[in-house]
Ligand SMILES: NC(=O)c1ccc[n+]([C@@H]2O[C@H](COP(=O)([O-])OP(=O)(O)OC[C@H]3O[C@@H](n4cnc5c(N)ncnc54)[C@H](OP(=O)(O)O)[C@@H]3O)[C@@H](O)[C@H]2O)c1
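First comes one chain, alone, set out as structure tokens in the form predicted on its own.
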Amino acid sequence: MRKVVFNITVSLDGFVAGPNDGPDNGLGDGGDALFNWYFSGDTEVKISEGTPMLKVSRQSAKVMKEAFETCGAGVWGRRTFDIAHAWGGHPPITPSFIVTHVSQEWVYEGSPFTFVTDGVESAIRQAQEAAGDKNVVVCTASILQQCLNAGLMDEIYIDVAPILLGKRVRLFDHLNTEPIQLERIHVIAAPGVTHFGFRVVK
């Protein structure tokens, strides 16, 4: 059964980017350390054409490969899109739906991006249609928060890096729901990162 799932790497104190993040300083001051585990292992993982080959541990490679095999479409926020410089036209997940105003330079036949201007629920619906029987993956903190507020999220996967960033972009700000119960799916310890998976109880 297809699901709406979330995945991101976060610091132990709950931040997805450090201070002064932006297009010229993608993950903010100190934030690059969140992804040290992407390049410190001995097992190669290919994400998409035009992106660097990752080298992670065998434990992390298994987690990542299983996740990508179930992905059918991705949903992102415009800030992430801009900070990533549109991934050079090679997003980690395609097709990609960007919740934003339209970025005209990426509007053309065959573009990997669809710009959704009428909100997160529309973006999720369009992504589900594109994904078929596969999962829709959300990879932006603000979109996660909107999905949780709207009751759209099914599972949350968080890769916790052993670092404290102290401040800036929190993963779970701006929630306006009642307490959300989670059911643990897995906890997988790997070199440089711990992988957590949770099911949202509805």
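The first residue of the shown sequence is 1; numbering continues from there. As the structure is a computational prediction, the values presented were derived from the model and not from experiment.
Beyond what is shown, the protein has a form predicted together with the named molecule; the following relates to that form.
Contact check at 4.5 Å (heavy atoms) against the named molecule in the model of the complex: none of 94, 113 and 127 pass.
Stretch 31-39 is the contacting one of 149-157, 47-55, 31-39, 60-68, since its residues have non-hydrogen atoms within 4.5 Å of the named molecule in the model of the complex.
Although the partner is absent from this view, residue 141 contacts the named molecule in the model of the complex, with a non-hydrogen atom inside 4.5 angstroms. Although the partner is absent here, residue 120 is a contact residue: one of its heavy atoms lies within 4.5 angstroms of the named molecule in the model of the complex. Contact check for residue 78: a non-hydrogen atom falls within 4.5 Å of the named molecule in the model of the complex. Using a 4.5 angstroms threshold between heavy atoms, residue 161 stays clear of the named molecule in the model of the complex.
Of the residues in 21-38, those that come within 4.5 Å of the named molecule in the model of the complex through at least one heavy atom are, in sequence order, 21, 26, 27, 34, 35.
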